[in-house]
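Heads up, the chain below is alone and in the form predicted on its own; it's given as structure tokens.
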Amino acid sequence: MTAPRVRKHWGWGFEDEELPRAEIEQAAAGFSAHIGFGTSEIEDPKPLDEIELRAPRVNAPAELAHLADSSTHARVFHSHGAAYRDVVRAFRGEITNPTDVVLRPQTEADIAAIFKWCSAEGVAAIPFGGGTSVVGGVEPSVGSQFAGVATLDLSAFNRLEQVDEISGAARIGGGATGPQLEQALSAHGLTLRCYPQSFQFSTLGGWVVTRAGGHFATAETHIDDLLESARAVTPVGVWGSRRLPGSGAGPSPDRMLLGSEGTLGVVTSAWVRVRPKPGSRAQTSVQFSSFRIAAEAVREIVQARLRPANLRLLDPSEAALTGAGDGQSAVLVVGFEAESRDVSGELDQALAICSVHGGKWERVSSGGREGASGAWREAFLRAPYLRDTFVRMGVLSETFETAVTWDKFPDLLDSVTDAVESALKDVCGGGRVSCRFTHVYPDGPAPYFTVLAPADRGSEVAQWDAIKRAAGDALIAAGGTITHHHAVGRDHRPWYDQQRPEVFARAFSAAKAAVDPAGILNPGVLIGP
């Protein structure tokens, strides 16, 4: 029997994917030359066996002992997410808020038993899917009012449970990762077509509770659009909804679970809308003289009710960083796809709009991903791995994103860029911030910002926290949201508290109290503790 692969305790990927040190040094030298800072003198992560964790404050009772794992790897890995600040702290072995015990439930009855124990003993319970949160959503930072923390690893809930080919839907376990669910659906000739950047490790349940953004840049942009019904276990019982294509019967139970971030219950399975794999594609990349002019073309495309599957706009700096451009032009990656119909005419309509705004392109691809489109995609998938190298070579590398209406976008772009550049100068002595559109709506875009800067080794978290404060304040002041698809977690709480209506906060608090009377579920996320 082949031993299961082990995830890295500090960064992205599996332990067996780690490159030889010489290759990492070579890559670091290349990256440093490309971005203008950083060094090939890389640091090494603190070995797992040298990380000192406080002793567990609580132990699972006898009836749950068979589900418990208190090994060093389990506790370290389940005590952080995948944000830059998480990676840096784990890289240095700084696990200041370790979970006390990892529990791996196999059934809904196991989850109910765990919640019963946690509620009775005052133990916080943190649901954990793939550990890919970039906003502190799985960190066991819950305050001193709890006796301890138990993290629920939901990887056992990973099966394709049922397929309804007549309706075009499938019921899938909430712990299924992107590759697991796509492989299972592929056997039926189907696909969910939801590809967040965290696709390799993130889970369906995680997508639901964080309202994750997926593959499509327009139309069905979020898991919200693909969810038919969901089932969750709460401390007071099962929360399940009826399968329906739509309903006007009061507030939707599913809508309340969407974005709940583990504060109301654990999603054990969900019915999602699936489709045959696309068989027709047409795509290309278009160069524009400026990001703002390209943004106008993008606005006209979506307001003409065209629905490209891909409509990613990169500013010149972002295009150069990813290898999709030369740094002089903004690049729009645009593509259409369908099960069987010819989509070339739809691409022609989009390109006609681009042409009016001075857009230039060389050729259209109807098959694989070529040119700037292929370069961008490879950079997109490589980014989490690349960030590990940036940490080792002394480069601060992080992102933040938002959404805003078209009328406010120009001012938001200016004010946020100015605020972050000013913070970079003050905190890091310089750096760069670039922008792209990840998703686009008729009434506004979702700008996504990338920050790169020289890091002060040992002070990276403080540096990023200062930059993040400047970015968050500027986003809220400019009328944007603090997050479009990264969720709230603990890191976004200060700005989320400003963004949400206070009356809604009280209503949500009351709902949480009804399903989680002891307040054990993911304390500090969205509300409380």
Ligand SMILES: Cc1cc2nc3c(=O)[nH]c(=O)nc-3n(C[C@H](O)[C@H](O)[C@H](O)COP(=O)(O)OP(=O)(O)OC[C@H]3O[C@@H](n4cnc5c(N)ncnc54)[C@H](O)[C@@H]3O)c2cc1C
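We number the residues from 1 along the sequence you see. What you see is a predicted model, and the numbers here were worked out from it, not measured in a lab.
Here the subject shifts to the form predicted together with the ligand, a form of this protein not shown in this document.
- Site residues Thr132, Val266 and His485 are all in contact with the ligand in the model of the complex, judged by any heavy atom within 4.5 Å.
- With the partner omitted here, the residue from Val88, Ile126, Ala455, Leu311 that has a non-hydrogen atom within 4.5 angstroms of the ligand in the model of the complex is Ile126.
- Only one of Thr450, Thr322, Ser229, Ser202 lies close to the ligand in the model of the complex, with a heavy atom inside 4.5 Å, and it is Ser202.
- Segments offered: 258-266, 416-424, 341-349, 274-282. Contacting the ligand in the model of the complex at heavy atom distances within 4.5 Å is 258-266.
- Shown alone here, Ala82 lies within 4.5 Å of the ligand in the model of the complex, counting heavy atoms only.
- Of the heavy atoms in Thr210, some are within 4.5 Å of the ligand in the model of the complex.
- Not displayed here, the ligand is approached by Pro384 to within 4.5 Å at the level of heavy atoms in the model of the complex.
- Not displayed here, the ligand is approached by Ser198 to within 4.5 Å at the level of heavy atoms in the model of the complex.
- Applying a 4.5 Å heavy atom cutoff to the ligand in the model of the complex picks out Gly174 as the lone residue from 156-194.
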